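Okay, here we've got a single chain as structure tokens, the form predicted on its own, with questions on binding and movement later.
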Amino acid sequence: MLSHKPPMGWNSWNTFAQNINEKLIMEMTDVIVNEGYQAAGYEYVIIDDCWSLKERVDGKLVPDPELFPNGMKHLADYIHSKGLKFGMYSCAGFKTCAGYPSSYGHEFEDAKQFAEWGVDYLKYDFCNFPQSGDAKNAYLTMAMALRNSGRDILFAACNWGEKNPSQWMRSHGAHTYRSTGDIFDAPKSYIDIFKSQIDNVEGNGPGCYNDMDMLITGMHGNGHVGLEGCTDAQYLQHFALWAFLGSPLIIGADLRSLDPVNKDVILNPGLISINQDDECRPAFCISKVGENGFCIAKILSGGRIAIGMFNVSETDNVWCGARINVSFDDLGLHSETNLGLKLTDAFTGEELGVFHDGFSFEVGAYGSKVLIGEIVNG
């Protein structure tokens, strides 16, 4: 299965937008391999919009020879030689979001072209879609084209939550689907996306995942979607929320200059293990406190459970002093079972001890506490 687990990788758009070329993509590929990202599970190197000539040539999409002088097959071969996978971009409309030729009416010929180049992942956007068009059929058509291209290509549908994709994208052949508008490098952006999706992840599971857009962790206001940036605590919270809710983990920062603190966040083994757990079950919300307090749980393989506590407010008083209490009853463990939870901090790996009946922790402004619980007797 192409998407048994949420895909992990890097995409060029958040930082570079149209400023892409062969050299950049190869450099990013090398960083992914040499600096531990590949070992952590990041495997897709994805080129976004602006890679082609402005017009088709003999009916075909053609890479801009000034940007990609050796062509896409050469680039794909380089990425594959490093043990990684190659991602490309097109759009369901008659032009891409940046005004380049797109795949509307050309789905089968484009899918065959992508397969010949060695593409493993297709991000499929939704700009410039005809008002008379049928969005569901457009994504179904590309899904069928990819499935008949002669190559396994993960289909990352990106229609920004239009037409309620959670209700039909899985059945129409997508492996992931974008559920929201674009993310920007500001706390309000990732928090608004999280709040809009906390009740919309139940359908996440092997085969099709709700994509809450690419990661902004470590961007610090730089790049195409850079605004005021976020603090390190906010970047950690953003990454933890995406990991916990089962979103694809697609890095948007420039990995060549990523600071050590946020590199450690993106490579955090505890958070990645929750996102990539073998059972791939969706998270569920235990409780909400006001507008900004959330306690979320996720059943993991091996009889374990993950618990996430998040304060997405700039103040500490979400839970009367920012302390949140969790009852084991809300985790399916009633007191009379005499079962305890051996808790480990997912961020640090620190063992916190065995708890019975419940527990509580302080979660301050823009704070996050993610725990992995192992059920123990007595």
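One-based numbering along the sequence shown. Bear in mind the structure is a predicted one, so any value in this text is a computation, not a measurement.
Although not depicted, the form predicted in complex with alpha-D-galactopyranose (GLA) is the subject of the following passage.
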### Non-hydrogen atom within 4.5 angstroms of alpha-D-galactopyranose (GLA) in the predicted bound form for each of 121, 142 and 175
no
## Note on the structure
The one residue among 191, 283, 208, 98 placing a heavy atom within 4.5 Å of alpha-D-galactopyranose (GLA) in the predicted bound form is 98
#### Entry: Sole residue of 294, 89, 114, 242 within 4.5 Å of alpha-D-galactopyranose (GLA) in the predicted bound form, by heavy atom
89
#### Entry: Interface stretch in the predicted bound form with alpha-D-galactopyranose (GLA) - options 262-270, 144-152, 300-308, 175-183, non-hydrogen atom within 4.5 Å
175-183
### Query
Can you check whether residue 13 is within 4.5 Å of alpha-D-galactopyranose (GLA) in the predicted bound form, heavy atom basis?
yes
### Task
Answer for residue 78 alone: is it within 4.5 Å of alpha-D-galactopyranose (GLA) in the predicted bound form, judged on heavy atom distances?
no
### Query
residue 110: heavy atom within 4.5 Å of alpha-D-galactopyranose (GLA) in the predicted bound form?
no
### Query
Is the gap between residue 49 and alpha-D-galactopyranose (GLA) in the predicted bound form 4.5 Å or less for some heavy atom pair?
yes
### Query
Are there residues in 135-163 with a heavy atom within 4.5 Å of alpha-D-galactopyranose (GLA) in the predicted bound form, and which are they, in order?
158, 160
